[in-house]
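Listed next as structure tokens is one chain, alone, in the form predicted alone.
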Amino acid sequence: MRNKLILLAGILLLLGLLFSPGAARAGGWATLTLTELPKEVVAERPFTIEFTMRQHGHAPVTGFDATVLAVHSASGEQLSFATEANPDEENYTATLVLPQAGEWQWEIETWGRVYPMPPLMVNEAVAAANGEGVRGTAVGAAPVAWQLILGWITAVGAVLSLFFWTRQRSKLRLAAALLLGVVSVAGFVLHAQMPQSVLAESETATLPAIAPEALGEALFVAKGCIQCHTNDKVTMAPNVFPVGPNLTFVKRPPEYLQAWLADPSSLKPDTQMPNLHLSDADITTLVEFLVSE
């Protein structure tokens, strides 16, 4: 009796997966690939993400609704952002504005499923001390150098006039020395009173959205690898569709993995593994993650 109940529960679970809204619309299942990971995110500053959906992980599809959900890890603040279709391509985009600094967990909800993304570290918003400016750039009036030049030239003239007055004293030379001295002092005073450039206050260090040591794992999640493959080294997100082999221990040499990720069909023409059009840098990072202990 117990075995029959377990079998019945398994059948019901399988039917639920097959006939869920996402599964039915996708013809079974679909994977989501983020085009590029955000490099730096600043609180209150908009940034854009782009992604592609693939039916059965292979054929790109369009004509669906998707929502980006974000939660601040410390405060629990929750936000949602609508997505827009690119009319000329098969990509979708969403513009996000995260108001708090710190770690944000986020995911994309579409096709009746939730696709988790790597957590993002958001930097504190920074404003200039004198007016608004860009982080680390100068704002305010630039120093006017001609007052300083005038001060030095007239100072030299005053010294020379005073020197000639000591050699042959005359009221004219004394008056010239005094006049040049006054002009020199005035030039230095004007220069000192001119507004100087102000550098925007900045943090001692700007944190990347994804820590470099976690970039390989983040790409494994964001590019959709976790949606078809299991990898015990991944803690950012659970496996979604266990249709591919377990990639916890990859025995292939790095050179093979490089070629495979660049164009899987070139090594196996009948493969279901799609060409994700990864950059050389992303491929190198993923290979290092896959072969790491």
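Computed from a predicted structure; not experimentally measured. We number the residues from 1 along the sequence you see.
Note that the form predicted together with a small molecule isn't included here; everything after this is about it.
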**Request:** Decide if the three candidate residues L261, K268 and L286 all line the small molecule in the predicted complex, where lining means a heavy atom within 4.5 Å.
**Result:** yes
**Message:** Residue-level contact is defined here as any heavy atom of the residue lying within 4.5 Å of the small molecule in the predicted complex; does P38 satisfy this criterion?
**Reply:** no
**Message:** So in the predicted complex, is the small molecule close enough to V61 to count as touching (4.5 Å, heavy atoms)?
**Reply:** no
**Prompt:** Can you check whether T31 is within 4.5 Å of the small molecule in the predicted complex, heavy atom basis?
**Reply:** yes
**Asked** Is Q272 one of the residues lying within 4.5 Å of the small molecule in the predicted complex, judged by heavy atom distances?
**Response** yes
